[in-house]
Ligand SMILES: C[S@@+](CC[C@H](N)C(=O)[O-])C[C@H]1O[C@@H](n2cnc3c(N)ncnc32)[C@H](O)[C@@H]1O
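One chain comes next, on its own, written as structure tokens: the form predicted alone.
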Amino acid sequence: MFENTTDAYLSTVARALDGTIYEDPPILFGDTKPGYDATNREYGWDWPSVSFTMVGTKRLANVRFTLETAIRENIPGDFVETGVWRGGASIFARAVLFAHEQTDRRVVLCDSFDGLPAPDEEKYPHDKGSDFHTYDALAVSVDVVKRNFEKFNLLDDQVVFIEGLFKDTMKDVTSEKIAVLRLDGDMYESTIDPLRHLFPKVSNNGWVIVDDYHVVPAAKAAVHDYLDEIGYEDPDFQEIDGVGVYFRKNTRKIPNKSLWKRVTSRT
């Protein structure tokens, strides 16, 4: 049984977004086995053929947890996602804001909406051999994502789309404060660019989610390189599902104030 109507609504939206409500089969590639598998969908180990997110049930629940915590604790700021695919995680973020009658927070979706870029191996050696740019299934247009929002009656002026490669568009994120930053760039370049521009805007005690921390070594390296770059001490990474992690920003863990000032001045 649900605790209340808010829980019933959000639970149903989540099941529609991750496909567990209708058990759609995965896109077949590599060694993917045909047919719906509940465990694969729970942990986001498959790419759904129809449903709107590949992050899986547990990482989708993490979106709700972090946003509801920010609301409960009055942590100011928007929900910003870098790398959105069909938009499912951001649709769920908008549903959470709607359910809790939050009218002063936005959901900001950042994506090329044309797939991932080819790796710049000279500038970002960690991305050497990345072939995500060859997967047509990862290219979902902004119009399709907007229609997906409309299917849940959640497309309004609290939803913002920023289209283009992160190296060009992170400066266009106008959020003054970010309560939850969700990184899902699948590459070193597509992780460190958002961090350099957006982490300074994350509110103290706000959340940073790294979707592919344990499965894309380049993304993990980008997170640690950036935190080392700003002198951030001992991030308290929390596990989500063996794939993604998240942590709370604590400004007391940035002891080098002169370095931090230089970092924030370039955003």
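From 1 onward, residues are counted along the sequence shown. Not measured: the values here are computed from a predicted model.
Absent from the display: the form predicted in complex with this ligand. The rest refers to it.
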query: Among the candidates 192, 179, 96, 84, the residue which, in the predicted complex, approaches this ligand to within 4.5 Å (heavy atoms); finding: 84
query: Selected contact from 70, 198, 210, 54, since only one has a non-hydrogen atom within 4.5 angstroms of this ligand in the predicted complex; finding: 54
query: Which of 171-179, 157-165, 70-78, 97-105 lines the interface with this ligand in the predicted complex (heavy atom within 4.5 Å); finding: 157-165
query: In the predicted complex, residue 116 touching this ligand (heavy atom, 4.5 Å); finding: yes
query: Exercise: residue 142 in contact with this ligand in the predicted complex, heavy atom 4.5 Å; finding: no
